[in-house]
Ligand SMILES: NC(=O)c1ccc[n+]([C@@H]2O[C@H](COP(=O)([O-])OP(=O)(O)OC[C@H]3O[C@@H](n4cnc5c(N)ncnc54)[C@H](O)[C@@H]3O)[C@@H](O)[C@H]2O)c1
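Here's a solo chain for you in structure tokens, the form predicted alone.
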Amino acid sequence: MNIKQLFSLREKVILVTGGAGKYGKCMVEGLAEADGTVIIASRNKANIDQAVKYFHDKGLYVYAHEVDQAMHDSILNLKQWIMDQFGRLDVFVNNAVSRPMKDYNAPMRDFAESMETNATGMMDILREMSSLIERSGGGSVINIASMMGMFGPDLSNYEGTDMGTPPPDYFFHNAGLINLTRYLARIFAGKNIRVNCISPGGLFNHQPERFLENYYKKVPLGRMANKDDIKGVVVLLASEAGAYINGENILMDGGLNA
């Protein structure tokens, strides 16, 4: 197969949860630029509608539907809508995240709320969308974790800032998601469903200058990720170019943890 065909997502229906967020929007853009038909799903209808308009203005095929990942009925409604509108699902990018816990000392009810979406809800939507992919003949599940699921926090990055202590639930759920990826790759054996994970480092978002100084000097590439850096990785895992990659976690951090 020609290399351009291998990376093409033409006629692929792709769901990206959290697709209006920081990394989500980057991935949606890349998947649509590779000719995929992309659906953004999120709780915030105003955000996804605004994102869809942005992509439509660029001539990209992107659609939107609301979903509350903590609500089973909402997930089922999204699943039925995808079948009614598109008749199939080929790729699921599992990217939605809730961040009610702000730091180590946050109330435990915030941790419980986080788990409702980031653990129970995430497993729920993974099962439902994977079953839809199986019904469609197979495809790809791409979990979006973080380098924070692989390593402890480097607190020196926050020296001289008022950014506080990174919240523990973020490390907890991303570490679990990385190993859940391996578990699902085994569970889906024989179903033509590949399951992989991307663990990005920090994305530049005009963070405090002191934080950027602390961070940049530790990265061999001398910068944080930009909006294009994750595009190639997610298209690889969604397309036939990644057809023999399964059960992997790809660290994308510019060499920070090399």
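When you see a residue number, it is the position in the sequence shown, counting from 1. All values reported here derive from a predicted model rather than from experimental measurement.
The same protein has a further form, the form predicted in complex with the ligand, not shown here; the description that follows concerns it.
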Discussion item. Taking a heavy atom within 4.5 Å as contact, would all three of N95, S146 and N174 count as contacting the ligand in the predicted complex?
Written reply: yes
Discussion item. At 4.5 Å between heavy atoms, is V195 in contact with the ligand in the predicted complex?
Written reply: no
Item to complete: Examine A70 and determine whether its closest non-hydrogen atom to the ligand in the predicted complex is within 4.5 angstroms.
Response: yes
Practice prompt. Considering only heavy atoms, tell me if S140 and the ligand come within 4.5 Å of each other in the predicted complex.
Written response: no
Worksheet item: Does at least one non-hydrogen atom of P200 fall within 4.5 angstroms of the ligand in the predicted complex?
Response: yes
Worksheet item: What is the one choice in R135, R109, R186, R99 with a heavy atom within 4.5 Å of the ligand in the predicted complex?
Response: R99
Discussion item. Where, within 1-37, is there a heavy atom within 4.5 Å of the ligand in the predicted complex? Residue list please.
Written reply: G18, A20, G21, K22, Y23, G24
